[in-house]
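Shown here is one chain on its own, the form predicted alone, set out as structure tokens.
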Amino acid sequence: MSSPLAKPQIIAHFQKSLNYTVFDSKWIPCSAKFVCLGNFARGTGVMQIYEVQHGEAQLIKEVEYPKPIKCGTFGATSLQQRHIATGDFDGNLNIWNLEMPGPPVFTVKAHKEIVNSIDGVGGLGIGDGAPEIVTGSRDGTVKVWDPRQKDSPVANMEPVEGETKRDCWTVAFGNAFNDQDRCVCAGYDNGDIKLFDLRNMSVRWETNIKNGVCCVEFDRKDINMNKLVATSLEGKFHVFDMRTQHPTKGFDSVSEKAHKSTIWQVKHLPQNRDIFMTAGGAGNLHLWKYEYPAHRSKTDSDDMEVGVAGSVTLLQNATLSTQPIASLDWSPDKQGLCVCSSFDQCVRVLIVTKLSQV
């Protein structure tokens, strides 16, 4: 890894200018297509599907909706259906059949205010258990939905009476390694991170990283909790080792100040859980590798197991835009292929090379 070209390179394959603000972009599983979600200047929502052909993006389909769309996930759908679940500015959770533009196949008024973040689990042949969707909203609540059951959520995590409601900015599933176990991690505008155990319906762990939590993601959803990355407003991210929980100290973590501005997104490489990419407010991407310590836990003075965090190494970085990169998604099928969108109304398809050699 000595010469500069031996390192992974972040190559902008192509970019496409759009006539609306893009909030989220996602690869459609088992395809060369991706979907872009956002809003027109006139205040309506839009969903576009593009196909990558001969080094450029061809628009396949465009649908306009009454409300702007903030976020989307394929995590709870089957590989056969490939339905996308979306959260909008009006607090609605909708599931759409991309083959049949029309009314949603599932719709529920999930929240009183905007759905900031959405994640799915139990679909795409990944992990065990029922398909479920989690939504986090400005109304301070985090709700878990089963698309087979309408109207009421499976779980509702909301502030207790008298507690100030905080804006929930990000949610993620994890620990779904069997039919019973499942966790939801939520990050809030005041720096709170809460880990909800859905099996016991309790808060398993909480901490505060002293800055608004923009994005949380487990390195894998379908394994016994291994690592969690949380990104924040002032350019710092934290990697928590989730294998060993101490009764008072919780999970050990390592932090890195990577960007000079907000880290909007973190996404782990589907083919290697120890490699992840962060996307920043100055239009830059940083590619990281996590190195495990020699021993992941040790015994403290009270004979209690306490976790030991590893270290992170910067593999590569690139500046793509002058505006924040608001969404980022690795292709689940092709290693190193990723799509990202930024607030300069552009969507870009990138190729990251040499990932199998790091």
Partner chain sequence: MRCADAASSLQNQTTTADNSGKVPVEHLDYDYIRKCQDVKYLDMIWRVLRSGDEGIYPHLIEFCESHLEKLDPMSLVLRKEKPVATAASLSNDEWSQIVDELKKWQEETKETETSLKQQSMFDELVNTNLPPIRGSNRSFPLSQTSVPKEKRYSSKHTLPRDYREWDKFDVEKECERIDENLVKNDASVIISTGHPKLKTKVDASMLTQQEKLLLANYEKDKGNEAFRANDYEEAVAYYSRSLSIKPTVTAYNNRAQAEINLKYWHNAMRDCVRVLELEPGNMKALLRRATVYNHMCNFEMAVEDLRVVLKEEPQNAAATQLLSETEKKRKECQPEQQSKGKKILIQEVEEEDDNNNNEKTKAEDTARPVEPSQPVGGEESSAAPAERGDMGNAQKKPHSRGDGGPHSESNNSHHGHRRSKGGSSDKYKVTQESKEKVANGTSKRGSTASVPADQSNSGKETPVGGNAGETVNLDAPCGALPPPLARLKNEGNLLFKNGQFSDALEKYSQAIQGCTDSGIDSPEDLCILYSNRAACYFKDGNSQECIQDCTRALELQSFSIKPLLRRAMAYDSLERYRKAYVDYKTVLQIDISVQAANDSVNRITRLLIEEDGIEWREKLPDIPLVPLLAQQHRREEPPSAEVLQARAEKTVRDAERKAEGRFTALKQEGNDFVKKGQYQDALGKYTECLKLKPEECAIYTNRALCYLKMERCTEAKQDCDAALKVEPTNKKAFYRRALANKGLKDYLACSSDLQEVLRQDPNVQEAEKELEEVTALLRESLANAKALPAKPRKTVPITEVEGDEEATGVANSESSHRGEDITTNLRPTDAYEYGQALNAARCSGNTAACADLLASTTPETLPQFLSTQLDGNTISFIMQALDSHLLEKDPNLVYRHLNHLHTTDRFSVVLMLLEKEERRHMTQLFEHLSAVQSTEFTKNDVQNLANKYI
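Since the model is a prediction, treat every value here as computed from it, not as a measurement. Residue numbers count along the first chain shown, from 1.
This protein has a second form, the form predicted together with the partner chain, left out of what is shown; the following refers to that one.
Peer 1: Answer yes if any heavy atom of Pro270 is within 4.5 Å of a heavy atom of the partner chain in the predicted bound form; otherwise answer no.
Peer 2: Contact with the partner chain, yes.
Peer 1: Determine whether any heavy atom of Thr21 comes within 4.5 Å of a heavy atom of the partner chain in the predicted bound form, and answer yes or no.
Peer 2: Taking the distances in the predicted bound form, the answer for Thr21 is no, it never comes within 4.5 Å of the partner chain.
Peer 1: Is it the case that Leu198, even though its partner is missing from this view, gets within 4.5 Å of the partner chain in the predicted bound form, heavy atoms only?
Peer 2: Result yes; Leu198 sits at the interface with the partner chain in the predicted bound form.
Peer 1: I'd like to check something about Val52: if you look in the predicted bound form, is any of its heavy atoms closer than or equal to 4.5 Å to a heavy atom of the partner chain?
Peer 2: Contact check for Val52: yes, within 4.5 Å of the partner chain in the predicted bound form.
Peer 1: Want to guess which of 84 to 92, 107 to 115, 209 to 217, 145 to 153 is within 4.5 Å of the partner chain in the predicted bound form, heavy atoms only?
Peer 2: Selected range: 145 to 153.
Peer 1: Heavy atom within 4.5 Å of the partner chain in the predicted bound form: which of Trp96, Trp288, Trp169, Trp264?
Peer 2: In short, Trp288.
Peer 1: Ala12, Ser331 and Lys334 - do all three of these have some heavy atom no more than 4.5 Å from the partner chain in the predicted bound form?
Peer 2: Heavy-atom distance to the partner chain in the predicted bound form: all three under 4.5 Å.
Peer 1: Can you name the residues of 315 to 338 that have a heavy atom within 4.5 Å of the partner chain in the predicted bound form?
Peer 2: Heavy-atom contacts to the partner chain in the predicted bound form: Gln316, Asn317, Ala318, Thr319, Leu320, Ser331, Asp333, Lys334, Leu337.
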